[in-house]
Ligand SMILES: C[S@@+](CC[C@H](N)C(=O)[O-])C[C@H]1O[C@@H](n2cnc3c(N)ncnc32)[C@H](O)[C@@H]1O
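Take a look at this single chain, the form predicted alone, given in structure tokens.
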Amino acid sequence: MFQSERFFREAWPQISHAFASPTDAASDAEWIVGAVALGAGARVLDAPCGFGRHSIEFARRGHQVTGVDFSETELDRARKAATEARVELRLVCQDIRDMEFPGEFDLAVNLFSSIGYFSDDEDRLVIDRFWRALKPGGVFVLDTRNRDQLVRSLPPEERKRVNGWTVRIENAFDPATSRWRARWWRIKRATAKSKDTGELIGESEIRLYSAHELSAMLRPERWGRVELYGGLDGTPFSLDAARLVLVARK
């Protein structure tokens, strides 16, 4: 178990499509393939893969894709989406902390803020799992929120429409632990006069990392070169970049 496990098993599948764009996934995959000079028919590990939006885009480009996620609900959606897109995916239901792929992949990706849900030590072990999964010369791409930008921009509350209802998110950031806690509420009627505060559907907690913290977790004796970007489009990294992207070669 981890702090946000119940949220990702029960609440996140209800709303993930509203927060994760297939259009963005296509441009993300296009940039990654070019940035790492991925060869034709390469083997790609996408973990966690969620409902498969990035996995499908890599497969559309002719790569052999393995997606790993602990949510069978999201994997079922990924299977359906892959069938509709007429691509093949190998999908594995597993906690990424338990992945065992010895030197199989040319590229491994951990995208859309999927690091930080465990303890710092467990996050280091997860990164080691990705290292072991790569062939010599393989590339690891990690994409998450930039702590130093978020601490200055995080609103106390956010709202987003989802399938005819509204998600209200209460945000709190603890600077002592660099952990962002969110409470997620479902509001059926979101009007100016409505007093409905909503029904609590879940709570999440993520450890946010600064660039130097996350870079230090990639052991120099294992990774040959680590590059920083401010997005999955090659944007230069800065304190004002919303995203923190690391590209590391084994």
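The first residue of the shown sequence is 1; numbering continues from there. Just so it is clear, the structure is predicted and the values come from calculations on it, not from any experiment.
One more form of this protein should be noted, the form predicted together with the ligand, which is absent from this view; the next part is about it.
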None of 106, 95, 148, 122 but one has a heavy atom within 4.5 Å of the ligand in the model of the complex; the exception is 95
Given that the partner is absent here, does residue 48 sit within 4.5 Å of the ligand in the model of the complex, heavy atoms only? yes
Does residue 70 reach the ligand in the model of the complex, with heavy atoms at most 4.5 Å apart? yes
Can you check whether residue 144 is within 4.5 Å of the ligand in the model of the complex, heavy atom basis? no
Residue 20: touches the ligand in the model of the complex, heavy atom cutoff 4.5 angstroms: yes
Any idea which of 179-187, 33-41, 48-56, 215-223 reaches within 4.5 Å of the ligand in the model of the complex, heavy atoms considered? 48-56
Interface residues of 115-137 toward the ligand, as seen in the model of the complex [heavy atoms, 4.5 Å]: 117, 118
